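Below, in structure tokens: the form predicted alone, a single chain.
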Amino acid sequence: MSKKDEITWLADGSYLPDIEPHTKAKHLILEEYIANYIRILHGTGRRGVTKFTFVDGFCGGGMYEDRDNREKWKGSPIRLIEAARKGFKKAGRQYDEPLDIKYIFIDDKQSHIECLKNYSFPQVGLGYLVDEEQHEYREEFGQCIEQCQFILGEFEQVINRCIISVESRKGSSFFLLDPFGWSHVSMNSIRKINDLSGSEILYTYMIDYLKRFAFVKYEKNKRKTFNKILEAEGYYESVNLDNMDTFGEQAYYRNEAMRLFRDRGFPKHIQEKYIFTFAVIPKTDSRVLYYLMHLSKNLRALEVMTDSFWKQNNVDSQYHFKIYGLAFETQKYYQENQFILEFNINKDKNELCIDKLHEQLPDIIGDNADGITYGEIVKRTMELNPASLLHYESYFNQLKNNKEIKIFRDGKEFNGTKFKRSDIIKLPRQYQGNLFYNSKLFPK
């Protein structure tokens, strides 16, 4: 979000805030991911997940003005519902019990809740969901039960209600946390969510706001408040106020954010911790406005979110890749006047990803003479580079085709192109101890 007074909805929908390009990108990432989230968790295995809870912690009024295109733009509450339905349809499966989805929409302004219920939902044919009762949604193959709950209040004051609701329902949960600034969501709340079984978070981390207010060293009270809310004592200690917007400092902010949320955002008993960041940059070669941070405890969730981020990535610079992984630049949006809606990444970006993988993976493979599984390699490295699973597959297929690695499945050499996590990757004998030094594909 930008300035707080601009993000305001009137109860009757007579005033809607303008949608910003980076918010569009955020919504499209959300929509892409939730559709795949439902499709994969509900549609795979003998018995897919049948209960989901979605919590939109800062839901707003549900619609925006898209003045560039002279139309309305759907906000996150509507996109959550429509994306879940799309995922249900893609899954194409029905079990003994119907798919059961509950949406919890939270906002601290009465006018926003009223606009969402009385204007935005009716505008898109969802008005019947505002009574907070369960309703049936049907596809040709089966039934989905939907229910909406609307909560007026500060997120920090109602998070325990949400936790109890998710725990009682079980299943999987997804929390969309899109606050204004860093002070509206505490690290304690992040930790509570991550303590839930099957939970994920997509969090907007307002790094630019944080830099301007929390890192000013002479503002000791603000730094003290920041440390209390985000438990950040001992982090961001090397901030140089004279170089806040240099690339090196930007990289430092990102890395410290990932270290902070990995250390403090998960309960100590959680072993599997995955964080991926997506930078939003207001103009070329400038500061990062905020990071979208995806926190999960499941490698598959990280893989799917990375693919979703890729579809909105529009940064070409290799330097950006080294710092941010993936990013969205608003200046490019205005220049191109369109979003990347299809998985159509240019050759340079793909090559950058392959180069990054080649920086990281050979040593891992070489250190495991008896072989290492494909899944373990992805697990160790996916947070550290901008590559999607498609890039990993492309990289290993090129090496396999050039006879620089061998891949084994169930004890037999595998020559296919689609890998399983259990597939074992080994070096041929001629490369043992001298990994890729004579590589045809990647000469050193």
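One-based numbering along the sequence shown. These numbers were taken from a predicted model, which means no experiment stands behind them.
Just so it is clear, the following notes concern the form predicted in complex with a small molecule, a form of the same protein that is not shown.
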Worksheet item: Hey, of 366-374, 194-202, 106-114, 221-229, which bit sits against the small molecule in the model of the complex at 4.5 Å between non-hydrogen atoms?
Response: 106-114
Worksheet item: Looking in the model of the complex, any heavy atom of residue 180 within 4.5 Å of the small molecule?
Response: yes
Practice prompt. Answer yes if any heavy atom of residue 351 is within 4.5 Å of a heavy atom of the small molecule in the model of the complex; otherwise answer no.
Written response: no
Worksheet entry | the small molecule contact at residue 174 in the model of the complex, heavy atom, 4.5 Å | no
Practice prompt. With heavy atoms only and a cut-off of 4.5 Å, decide whether residue 56 touches the small molecule in the model of the complex.
Written response: yes
Practice prompt. Name the residue from 184, 169, 264, 273 that puts a heavy atom within 4.5 Å of the small molecule in the model of the complex.
Written response: 184
Worksheet item: Of the options 97, 132, 154, 233, which one has a non-hydrogen atom that comes within 4.5 Å of the small molecule in the model of the complex?
Response: 154
